[in-house]
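Next up: a single chain in structure tokens, the form predicted alone.
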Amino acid sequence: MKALRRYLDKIKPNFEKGGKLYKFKSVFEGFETFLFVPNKTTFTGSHVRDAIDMKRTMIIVVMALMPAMLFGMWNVGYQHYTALGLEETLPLTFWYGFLKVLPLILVSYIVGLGIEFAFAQIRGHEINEGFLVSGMLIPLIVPVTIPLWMVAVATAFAVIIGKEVFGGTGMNIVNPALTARAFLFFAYPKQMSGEIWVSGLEGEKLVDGYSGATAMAQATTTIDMNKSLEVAKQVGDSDLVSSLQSQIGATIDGLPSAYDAFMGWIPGSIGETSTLAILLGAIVLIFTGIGSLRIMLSVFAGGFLMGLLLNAVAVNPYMEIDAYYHLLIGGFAFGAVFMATDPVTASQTARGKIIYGFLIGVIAVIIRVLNPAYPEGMMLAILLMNVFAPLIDHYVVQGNIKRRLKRAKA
């Protein structure tokens, strides 16, 4: 590292004012501060020093994502070989998944950082480091079968429309990674829904009884079948009623066990299947103070309580699913830990964080259960609450001001 430091010091004058490469100063500083702690000092005004800057914050989040990413790579291979009725060793299973996931990560970073560098050059600003996390999040919340060009387009959309138009890192009002997923979901629904979660099956003979559908997709089909069941009852078709009741029961019984959903060996987006791996990342974020424990717990609490309420008034089989099961399937845990806690788009006040997180959990489960068109409600719930986060903080602050004024008058 000392040799690298000396080399950077040697070429640095070229990027200073008057140097022949001065126009690329922001690019040089971006790489220098990524490799070494900035040596800038404050000379005037009051200031607070901290041992960690934004780059180190983002790197800690990337480290927290490692368990989910590594497990996701293994699970991609596991689902592939399971679908074909084959058993492979752990190294070969992981290697297959690694080769499928790595291109998605590379495309995300190349496109996203390329756009970030371009905007920094145009504006003459330092290169922001926020995309260090977004570049990893985007590949982890999409199916492994997504075409690379779609990842590139979605990443460009997220960076330009979801971030740079608002002023760049720290100015965006919605989570960039979720903006990318929302773009893919609405622009290319065929590639983001259905049985598209297992790679390398084109033209292959699948093992009997294997389904590549996620637990979310399986559960959601019960809503459509329940509607058909109601129609069949109204017309008095007893045979159809009996058939649909059997299908609904089989679908619910065929859902992955809570243990399988918690461990993560089920089909789904690359980084979202293993609740255990996600919770390991949550521990890192909480221990380092990067992630908000208030938001995480309140999201889980909101989802669980909403699940209990739906259990009490169950009018379709999906509502009868145990409340805790909602916390284990789909992107619920991943969203609660890595998306809802985004410090830029989340609420900032202590009480606001609890309200914000609780509403995300409630809305996510409501969307899941009551609207089969959007089986994964976490994405829409977080994006919606991103927009309302400033309003929540406003009313929390105003409430604090009113209480203090009352105490002052007393």
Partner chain sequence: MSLFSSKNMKLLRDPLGDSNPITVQVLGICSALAVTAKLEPAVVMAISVMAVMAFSNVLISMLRNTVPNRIRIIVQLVIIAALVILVDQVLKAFVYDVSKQLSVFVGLIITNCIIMGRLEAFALGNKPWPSFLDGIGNAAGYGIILIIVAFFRELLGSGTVWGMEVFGHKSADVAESTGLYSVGYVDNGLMILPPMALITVGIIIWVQRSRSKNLIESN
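All values reported here derive from a predicted model rather than from experimental measurement. Residue numbers count along the first chain shown, from 1.
Same protein, other form: the form predicted in complex with its partner chain, not shown, and the subject of what follows.
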Can you check whether Leu92 is within 4.5 Å of its partner chain in the model of the complex, heavy atom basis?
-> no
Using the partner position in the model of the complex, report whether Met150 sits within 4.5 Å of its partner chain, counting heavy atoms only.
-> yes
With heavy atoms only and a cut-off of 4.5 Å, decide whether Gln191 touches its partner chain in the model of the complex.
-> yes
Within a 4.5 Å heavy atom cut-off, is Trp197 in contact with its partner chain in the model of the complex?
-> no
Since exactly one of Ile161, Ile283, Leu309, Ala118 fits, which has a heavy atom within 4.5 Å of its partner chain in the model of the complex?
-> Ile161
Which residue, Phe304, Tyr318, Tyr78, Phe183, has a heavy atom that falls within 4.5 Å of its partner chain in the model of the complex?
-> Phe183
Counting only heavy atoms and a 4.5 Å cutoff, which of 329 to 337, 67 to 75, 183 to 191, 102 to 110 contacts its partner chain in the model of the complex?
-> 183 to 191
